[in-house]
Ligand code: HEM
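In the block that follows, a single chain appears as structure tokens, in the form predicted alone.
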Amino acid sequence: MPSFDELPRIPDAGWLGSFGRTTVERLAMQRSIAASSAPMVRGRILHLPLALPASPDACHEVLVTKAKSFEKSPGLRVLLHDLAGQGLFTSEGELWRRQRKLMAPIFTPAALAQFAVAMRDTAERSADAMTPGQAIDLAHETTRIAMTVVGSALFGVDTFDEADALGAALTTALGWVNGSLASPALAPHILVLDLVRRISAKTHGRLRRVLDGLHHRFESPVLVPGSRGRELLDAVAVVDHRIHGMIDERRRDAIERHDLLGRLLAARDADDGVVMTDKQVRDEVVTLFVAGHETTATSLAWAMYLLARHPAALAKVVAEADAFASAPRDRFDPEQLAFTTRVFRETLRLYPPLMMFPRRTLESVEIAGTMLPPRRLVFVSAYAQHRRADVWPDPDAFDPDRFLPAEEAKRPKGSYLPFSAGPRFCIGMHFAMMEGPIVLATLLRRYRFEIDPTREIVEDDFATLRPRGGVPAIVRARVD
């Protein structure tokens, strides 16, 4: 069995280690993982050794078959604490299991079908505001659409006119998180957090309470904020003000509603009858609000860009969109938009919104034939898996038919990870896979979006893989 130090090493890109500081460096690092013939490679982030699963089987081990041996990266949990608290994306252990169990029934395809109307109506509203010849940023439009859809689904409220203010606040908060990943203060912060937790577990009484309080304090990024710390707190305050206001209003009205907020407030553990506290509801709502609009909006913008560069695929989507216009509005049959769905899935392959899933070992665990010690950082790269030439022939090419059922059956587990995998796969996957095709079909039934064919839009490694500079387009009337 090879030791960790015997694994192939990917080159460093500066003092940060394997990641580098720029998007180009980070994408190059992940492409080097994709090109590796070894099942796992090693790198570093700052001074910390980093395990990087390179094969689909190794990724599947980390995320699925041996998921119990891993936790979310504590650094990411700390940086997201002020924004997302203890929501599903950041929580661990018994709290995560309880919250996931409470929320799972809300996110089944059958339960989510009612939101198809909101998705279509919101996209129509956006199209109604457009006029032929108008210059727009498709990334801005898809952000407004996705934020309005998630606002309607979560709260039963219209956030269309608030989308810019809320979007700016969330962009500030997520930008701070992304920029702080390389903070030299993050590693010592995690060391303090781990040390306090280990000492606390061996003590009792008053000292235990003091240490638990200190641990709770260090769950927030107290050592990291830097010069932009005030920006983060101000942005979180904007989001909190809106969300707490809606929770308080719903509590006062005591009216049963079937949006996601109503279901979260009413959710009750089947075993012990426990319900969520307002703080837990707030954390879950923020998590869903951020994930529900940011990832979908980014993917929609990329999909529009790809379709503008591939006229044959665009023609197929438009044909489906025309037929879909007469379909019942209150439910969604994926077969009605089968090709459009494949377009959206291929977009998620080429531009996965979350490029990497950071984990840390809880115990010694063997992955791809190498024993990893406790507290070893392990980063699973969806971007790397999606660019493996041995799994995806001509991996940089846009080909929606990769997702025909016969083609999908040939691929190994762990090779397609836009929503992660295993127990911690994205709970909003079905919501996103319904919203993406519906919004694409609704917009493209109304207009053609002209994008400068000489302009190549590149990836911007933000908190998600956004298109740098947006997706500038001219709205054109359809000519059939």
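Everything numeric here is computed off the predicted structure, so don't read it as measured data. Don't overthink the numbering: it's just position in the shown sequence, from 1.
There is another form of this protein, the form predicted in complex with the named molecule, and it is not shown here; the text below is about that form.
Of the listed positions (Trp392, Trp96, Phe218, Phe403), a single one reaches within 4.5 angstroms of the named molecule by any non-hydrogen atom in the predicted complex, namely Trp96.
Proximity to the named molecule in the predicted complex, taken as a non-hydrogen atom within 4.5 angstroms, holds for one residue of Lys72, Arg263, Lys316, Arg309, which is Lys72.
Taking the partner from elsewhere, Ser36 is found to have every heavy atom lying beyond 4.5 Å of the named molecule in the predicted complex.
For the chain shown alone, Ala301 is not a contact residue for the named molecule in the predicted complex, no non-hydrogen atom being within 4.5 angstroms. Using a 4.5 angstroms threshold between heavy atoms, Arg424 counts as touching the named molecule in the predicted complex. Among residues of the shown chain, Thr295 is one whose heavy atoms approach the named molecule to within 4.5 Å in the predicted complex. The stretch in contact with the named molecule in the predicted complex, judged by heavy atoms within 4.5 Å, is 283-291, chosen from 319-327, 283-291, 371-379, 136-144. No residue in the set Arg44, Gly175 and His189 has a non-hydrogen atom no more than 4.5 Å from the named molecule in the predicted complex. Annotation for 99-133: interface residues with the named molecule in the predicted complex are Arg100, Phe107 [heavy atom within 4.5 Å].
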